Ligand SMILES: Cc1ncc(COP(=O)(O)O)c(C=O)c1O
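The form predicted alone is given below as one chain in structure tokens.
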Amino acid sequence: MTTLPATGRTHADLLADLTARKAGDRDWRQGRLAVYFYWLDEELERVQQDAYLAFWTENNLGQRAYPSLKSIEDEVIAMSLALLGGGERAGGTFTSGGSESIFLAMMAARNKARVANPNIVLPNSAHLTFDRAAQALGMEIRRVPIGADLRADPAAMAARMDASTVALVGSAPNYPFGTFDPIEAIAALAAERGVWMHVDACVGGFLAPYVRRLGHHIPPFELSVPGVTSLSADIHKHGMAPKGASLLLMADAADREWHKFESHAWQRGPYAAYTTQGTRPGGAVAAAWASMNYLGDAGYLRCARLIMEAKAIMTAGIVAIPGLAILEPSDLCIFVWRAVDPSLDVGKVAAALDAEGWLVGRQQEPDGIHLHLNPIHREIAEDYVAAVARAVAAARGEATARIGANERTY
């Protein structure tokens, strides 16, 4: 459609049209993709939907009109600070996602430092959202190669710093490899040089504390680490809330003022906001609050257990397939597997998986397959391993057929 219909369409017609348009979409409820979604079960989904609908039209910008939203948002922030090492001075901002949380953190670092030609020093495994934020904020990005252990190299980062460096970044974990950067060392460097230190825990924030409780080694990354200034954590990732819910948490709530916009430059009167959004959907904060309260501590621990069980099954099954290996190390819910047999084409393996309905996330360096697990993957972990085995067999069969044809040609 390129123009509005002459008359309105019926409810039933619209729903039928939308349903038909989704026919070619991937069915994420079956766990056949490991990106873009986070899901536990239909019961939690209904809780989220009902909570969102309860505030489906309220504007969270207008908290004077909707004090309920302020109380809900305050509770989400307080619960998250308690989980992620916030002390008495800590505070936070509810945002639309990790990109906004990171943008606001870099904006605050720039505004607080007030230096000419500000730059950010970060490992080259850090999310590209930092580059996007820097581009918009007029900052320079200095990406530093990671070490052989797939983690940030604090000494190399120190070597790239100068008087215009306003922020250091570490990931908990990074997205390409699922490894935790040495947050304590980076934060100590930031404290020594007097610069902002941001922890990107968008993936790990609501999962890593529970994986640690299950007995897995998770290094310190929280706000309680000396020298950490801010931390981003996505509730719509492993906080298991629907899209539109993230947090920028501050070790000192006073630092929120550095990402605040305030102006009196029009006739209407003063305008102030701590986010890049104006209008903010009340449903997003209500659904995040409901998800956190519905799951509770025990629910998040269960999610962590399901994820780590799925990872154990998948990694063990994949390494048992001749020619495949897991890229090590991998600390949390993300891992990469690749071919170590030069005759095995990972591209053909990926194509065979795709043909069976698995959405494949390709890793560029090294060439491989990237997985980011969530609880539903526990139900299909064995199925995935079997699918990989079939895909490898198919890829090897294609190679054999091609060689045979070439031999016949000559």
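The shown structure was predicted, so the numbers you read here are calculated from the model rather than taken from an experiment. Residue numbers run from 1 along the displayed sequence.
There is another form of the same protein, the form predicted together with this ligand; it is not shown, and what comes next is about it.
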Open item on the list: Even though the partner isn't displayed, in the model of the complex is Thr129 close enough to this ligand, meaning a heavy atom within 4.5 Å?
Closed with: yes
Task: 4.5 Å heavy atom contact, Gly86 and this ligand in the model of the complex - done: no
Open item on the list: Check Pro173 for me: does it contact this ligand in the model of the complex (non-hydrogen atoms, 4.5 angstroms)?
Closed with: yes
TODO: Classify Asp200 as contacting or not contacting this ligand in the model of the complex by the rule of any non-hydrogen atom within 4.5 angstroms, answering yes or no.
DONE: yes
Open item on the list: I need the one stretch from 232-240, 153-161, 71-79, 289-297 whose residues put non-hydrogen atoms within 4.5 angstroms of this ligand in the model of the complex.
Closed with: 232-240
Task: Contacting member of Ile102, Val336, Val225, Met314, with respect to this ligand in the model of the complex [4.5 Å, heavy atom] - done: Ile102
Task: Single option in Pro209, Pro182, Gly97, Pro118 placed near this ligand in the model of the complex, where near means a heavy atom within 4.5 Å - done: Gly97
